[in-house]
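Presented as structure tokens, the chain that follows is alone, the form predicted on its own.
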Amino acid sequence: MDFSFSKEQDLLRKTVREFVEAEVAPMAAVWDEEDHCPVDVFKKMGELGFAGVFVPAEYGGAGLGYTERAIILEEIARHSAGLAMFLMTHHLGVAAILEFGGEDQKKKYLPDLASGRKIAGLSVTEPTGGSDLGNHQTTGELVDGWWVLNGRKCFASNSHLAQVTIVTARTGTDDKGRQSLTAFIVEGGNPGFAPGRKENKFGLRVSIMGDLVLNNCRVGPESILGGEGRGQRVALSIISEVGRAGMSAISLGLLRACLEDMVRFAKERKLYGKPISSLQAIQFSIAETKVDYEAARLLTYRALALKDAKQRCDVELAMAKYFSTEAVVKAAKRNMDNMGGYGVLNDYPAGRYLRDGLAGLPSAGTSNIMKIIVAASALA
């Protein structure tokens, strides 16, 4: 079993790291404080192939895989987890069209999305509960050849920025009386489709999140993604494999950030004439974070190796997402503990790492949902 990255993957990581250190690191704290999403930087990422990393070249993408996507997200999240979340959510909409779209839909939407000329989003969550897809209130009704959509989505990332959004709606019932969901591609500017409230998050602030309102929004039958009545399959597949993979990769970046900050501070901070790195308690906390990072790294990239090999990986990604997101919160707390009073100053990124880590816990499914998935596989 080979645990190493290829030369091409190592070169990609180097390229992304150089870009992030030049374009992202100097502004990350400002973007977080102002809750500003740098769309201009997203366009630059599109030019480098980040926006369409896993999209085949025939549709304007880089033609790489989900492992390469994780490398990109990890490197960006090392300095700005919010910006990585922005890109990650864009990937959700792109992946939905790539994996479930017809050829005409792929040719129409993917080139602009893969190049970064347009921003994508996926809007599934409703006020009735993100994990309860069977209780959708948004409806889709076929009227005179048009699908008329009505409802409200919440916690939609890229809500105020996306020009192409995948939206799910209840369009009927199946033969067992259960709700039948359909996924639709809805373009920004479509009458009756508009962003609502923009949420004021305490973490992952660079990523814009808010409501989306559908008020007699009409779309044609060509906007159906994956077939009528198959919306739940579209949503679950993209969230479980693309969303959780993305959150795991973002968490890796945050874990690395915490580890590097802990090591740097421990070497520079002196007490009683010696750096605090000589203290056993500090060494223990650094060791715990190092082990958490390496364990999360192995869980994440193993799951993505399965994804790229087109093998089932939902349980593996649930484990990676659960472990990595929980590990970030613990690592960020250790980092702040080791820094003492400096840890609570916004002059340092320690507090941002903790806020971003906490905000990542419910994204793409809470830790309890991940444990249910893992337990079900163990009990099968």
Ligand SMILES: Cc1cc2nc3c(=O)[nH]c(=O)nc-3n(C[C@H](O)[C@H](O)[C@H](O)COP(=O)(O)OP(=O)(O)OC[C@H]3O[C@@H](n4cnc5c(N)ncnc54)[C@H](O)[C@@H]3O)c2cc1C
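Residue positions are given as counts along the sequence shown, with the first one as 1. On a predicted model such as this, the values are computed, not experimentally measured, just so you know.
There is also a form predicted in complex with the named molecule; it is not shown, and the following applies to it.
Peer 1: Checking a candidate spot here: are S123, S363 and I369 all in contact with the named molecule in the model of the complex (at least one heavy atom each within 4.5 Å)?
Peer 2: Yes.
Peer 1: Which among 111-119, 83-91, 175-183, 216-224 is in contact with the named molecule in the model of the complex, heavy atoms within 4.5 angstroms?
Peer 2: Going by heavy atoms within 4.5 Å, the stretch is 83-91.
Peer 1: Work out which of V242, A296, L204, I72 lies within 4.5 Å of the named molecule in the model of the complex, going by heavy atoms.
Peer 2: So the residue touching the named molecule in the model of the complex, by this definition, is L204.
Peer 1: Let me know the one among L304, A156, L161, I282 whose heavy atoms come within 4.5 Å of the named molecule in the model of the complex, would you?
Peer 2: None of the others qualify; the residue that does is A156.
Peer 1: Could you confirm whether A359 comes within 4.5 Å of the named molecule in the model of the complex, counting heavy atoms only?
Peer 2: Contact with the named molecule, yes.
Peer 1: Under a 4.5 Å heavy atom criterion, is P191 part of the interface with the named molecule in the model of the complex?
Peer 2: No.
Peer 1: I'd like to know whether G145 contacts the named molecule in the model of the complex, with contact meaning heavy atoms within 4.5 angstroms.
Peer 2: No - in the model of the complex, heavy atoms of G145 and the named molecule never come within 4.5 Å of each other.
Peer 1: Indicate whether G129 is a 4.5 Å heavy atom neighbour of the named molecule in the model of the complex.
Peer 2: Within the cut-off, so yes.
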